[in-house]
Each structure stands twice: as C-alpha cells, then as structure tokens.
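What follows is one chain in structure tokens, specifically the form predicted on its own.
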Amino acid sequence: MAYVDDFPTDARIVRWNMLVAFTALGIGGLFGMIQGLHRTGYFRGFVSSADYYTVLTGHGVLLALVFTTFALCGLFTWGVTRSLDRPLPSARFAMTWFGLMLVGAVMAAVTILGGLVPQMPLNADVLYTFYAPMKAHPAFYAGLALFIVGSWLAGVDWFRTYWRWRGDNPDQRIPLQTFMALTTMLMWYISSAGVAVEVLVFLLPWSLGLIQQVDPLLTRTLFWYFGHPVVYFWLMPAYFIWYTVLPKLSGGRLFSDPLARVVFVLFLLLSTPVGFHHQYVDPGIPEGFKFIAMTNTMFLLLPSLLTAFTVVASMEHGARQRGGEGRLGWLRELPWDEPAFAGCALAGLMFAAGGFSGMINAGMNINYLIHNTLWVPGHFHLTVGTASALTFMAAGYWLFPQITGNRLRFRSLATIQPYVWFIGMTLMSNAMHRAGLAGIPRRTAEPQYDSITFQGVVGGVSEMRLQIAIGGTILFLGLVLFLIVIFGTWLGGSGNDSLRVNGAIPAPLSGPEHSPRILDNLKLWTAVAILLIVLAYGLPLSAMISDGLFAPGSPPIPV
C-alpha cells in the first residue's frame, strides 16, 4: 500500500503543495539563468539592465520564499500524517491554508512581474529582502501577509493532528518526523512575527499612503530578525529528509534519534537571536550586540556538525549492510545510481562547503571583506540553492510515486539529474566565492566599471564570469530534467507498473527511549527561545523606537 492509498486526501494536499513549489522553482530557475548570463555579459537580450532588478526580485522571492515554503508544507504534511498514522483533522481547513498561501504567492508574483510590463500599475523591485527605503506596490505586501498567515495555519493544522494523536497516546514519545515538523513551526512562529510586524505595521500602511514615513533601521532590523531564521526554515525540511529518509535510502537505519531531537531543539533556541550578524556594516546597531549575534551564530555550527556526524554514520551503517568494508571503501556500496539517494548525499556534501563559507559571513571582522560582494550569493546557492533545493528534488523522486501511485518515469534522466545540478553548482558557486574575494559586487546588473579593475583570485575575472555563465546554464538544464521527470511521473498515469519504493522507514539504531523525555517538552524550549531573543533584541529595539515608532533615525544605543 502506498501513501496515496492510506491517505488519499492528504496525498492530494501534498501533491498540490509540491505542484506550486516546483512551478515556482521552474520560473525562479529561469530567472536565475537570465541573471547569470546578463551580469556576466554573455547575453543581455532577455531583459534590460533596468529590468534586471525585477528578475532578481522574482528569482529571490519565488525560490527563497514560495518554493521552499510550499515544499516544506508538502513534506511536513506527508511526514506528520505518516508518522502519526492519521490524516489531517479537516480537509477544508487544509485547503484554507493552502489557498491563502497560493493567493498570497500569486499576488506577490504578479506584482513583481508587473514591473516588466509598463502598462501595468504594479511594481515590486524591492529584492528578496524588501525592507525600506525601497517601496513596492501595496499588493506585494498584502500578498506576503496572506502567504505568511497561510503558513501559520499550516502549522496549526499539524499541531491539531498531533494534539489528537496525543489524546490517544498520552505516554508515548513524539514520533521523530512530527517532532521535527513541530519544532520547525515553533521557530517559524517566533521568527516570522518580526516580518509580520514589519509588513503589517510599517510597509503596507506606508505603501498605501496611510503613514508618511518609516524608520529604515527598524524595518531592516525586523526583516533580519526573520531573515536568518528563514534560512533554517529552508534547511530544517532538508534535515528532516536527511535524518528520516536518507538512512533508509542508504540501506540502513538512522544512527541516533536522540541526536536528531537535540539538533532540532538547538535550531529552535539559536536560530533567531542571530539576525544582527546580517547588519555588521549597519551603523545603527551597537558593536556589543553584533558581537552577541556573532557568538550565537558560531554556536549554530554545533547542530550542523552533529547532523554531519549522525547522517554520515547512518549512511556508513547502510553501506556496511550492503557489504561495504574498509575505512572509506564502504562509500562504493552506497546506491549512487538511485536519484533520491544521490541527490540527498550530494546536497549534504555541498552544504558542508556552504557551512565553511557561512563561517566567513558570521565573523565580524572578515565579514567586512565580503559583505556586499558576490561571495554572499555564492554561499546562498550552496545552502538554499543546493542543500535545500537538491534535497527537495531528490525527495520528490522518492515521494512522488507514493503520493501519486505512479511509478517514476524517465528514470535515466532522473539518475543523471543530481550530478548535472552538482556540476553546475560547483562551477557557479566556486566562481562566485572567488569573485567575492576579488571585491566584485552583488545585486548589480553590470558589475563592470571604467575606473575600477578587479584582480582575479586563483584565476582571472573573465574566467570567473565564464564559469558563472556556464554553471547557471547547466543548473537550468538540471532543473528542466527534474521537471520532465516529476511532471512526467505525475501525468503519466499508473499503467500496470508496480511501485519500486515503499514509505516504510526502519526504526533508528538508537531510539527515543535512549533520550530524556524533557527533549519533548516543547513549551520549555519555546520559553527558553523567547528568553534568548529578549536578551539579544530587547535593548536595541527599545532604543530604536524610543524616539517614535515611525521616526527615521535613532539616538545612539549604549552598549
């Protein structure tokens, strides 16, 4: 029995979320290739340099917000219902949050794309970060508000499912997949409150003309209060797959359920009080609070290192079950020709590189060298562009047969697709990092200046541009291959073929009974998380609003 047979209504909700996610991925990926060719100067015939920023905004919003959030909702709906072995309480409620998110995403996307049509009174060239002083059409902010509210209700749906399960199972530990979904949503509720205040209290009334001015420092701070945790909102579903599905794909079992719970608790505690590390060059933030943010950010390396240890140990266990031997010889026994496994494993490998470049971003002193350079999008493409995106694609190869009842189509294309993506990202991201070290700026349509000559780092500037252009094109090719496989599987019908996958996930080598029950105390961890945020943000925010909530500029903040 496939998941679609046990939970037909929930399978439909998962499919629709994935449909929107992968449609946004396709459009956003096309925009990414256009940017890569445009800013490197290899082809500027798609858009003008003025419209480049519309495409840049669409690329960021569609991929960083729409694709990731809908993919998360699909994966978590599957994981919660599967692990609790019960459907969502109400199909109508599920369709309500899905509909709110869809309407909000469409409103924001149409407003952005309106910038490409001079006859339309819509415009939102505010980039993915969208904080003041750049202003968008009110429809953009209203769409974002609906989108966020929809995501909140999705979390409510998973909590309702859990509470009903808890009523029937008062003494059992929370199943791991549900535990991961709930802690992720608690982090999301806490962090997205900042962007909700920014949009509803400041940006939307400002764009409607109801208020005449906003404080750019305050809105920027509220965005980054949300802007770093949203990185983990993308990554935690990838961790969810690495911990619960990848060990099975490897042929083994998860090494440690307790370590997985510790990792998600640490993300809940530490993800939010770190946002000031995005504002190291912001003169309105006192150095002492930037230092606190840097310290907290470095602590975030711990859950990532724990994950690397646990996931690799699980993969090694699987390989040895297949007959693998030796210190590294077991790697040969892993199923590298299985697209779901290969995609997850390559995504994890690329994420390790992204973690190292992230340490540079997090350091107060060395961050100044790369802050406004191409290094930052290079890092970004290793994390959300590969760790999350490639994992979600790989999960799609494994999950779509289960939620459609159809056998995976175009298997040969699926087998090579993760490697195509990996090669494209290797070319593009390494050139972006080196370009950042050379001082080449980001967010620029034509980073060529008559009076400035950039010195190449481990290679020439023209070579880096070529790598970025080739890498971006290969990535788009990999995306097209993926969409052919997924939509071919979805629309191809079940025929008479039997499924080659099943949704059963083996028990961990070390189960939840080996960990203290306090790890499941979500109220305690939420309270601690809020306390840490008050310590990190309380004084700076109170100083920012001390001269008036809407007054631009703030007095100096004592450290």
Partner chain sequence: MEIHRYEKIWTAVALLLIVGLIATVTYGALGPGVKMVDDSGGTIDADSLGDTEFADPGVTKVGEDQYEVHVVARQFLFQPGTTSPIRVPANSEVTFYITSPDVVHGFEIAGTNVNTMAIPGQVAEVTVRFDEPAEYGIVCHEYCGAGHHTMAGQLVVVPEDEYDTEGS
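No experiment lies behind these values; they were computed from the predicted model shown. Positions refer to the first chain, counted from 1.
The form predicted together with the partner chain is left out here; the points below concern that form.
Of the heavy atoms in F299, some are within 4.5 Å of the partner chain in the predicted complex. Among residues of the shown chain, G284 is one whose heavy atoms approach the partner chain to within 4.5 Å in the predicted complex.
The partner chain is not drawn, but in the predicted complex it has a heavy atom within 4.5 Å of I452. The shortest heavy atom separation between T184 and the partner chain in the predicted complex exceeds 4.5 Å. Using a 4.5 Å cut-off to the partner chain in the predicted complex, not one of L116, I148 and T404 places a heavy atom inside that distance. When the partner chain is considered in the predicted complex, only one residue from P377, P258, G478, G155 comes within 4.5 Å through any heavy atom, namely P258. Exactly one listed residue, out of A431, L222, L235, V126, brings a non-hydrogen atom to within 4.5 Å of the partner chain in the predicted complex: V126. Contact annotation: the partner chain lies within 4.5 Å of heavy atoms from the stretch 511-519 in the predicted complex, the single such stretch among 62-70, 511-519, 26-34, 528-536.
Applying a 4.5 Å heavy atom cutoff to the partner chain in the predicted complex picks out K290, F291, M294, T295, M298, F299, L301, L302, L305, L306, A308, F309, T310 from 290-311, in order along the sequence.
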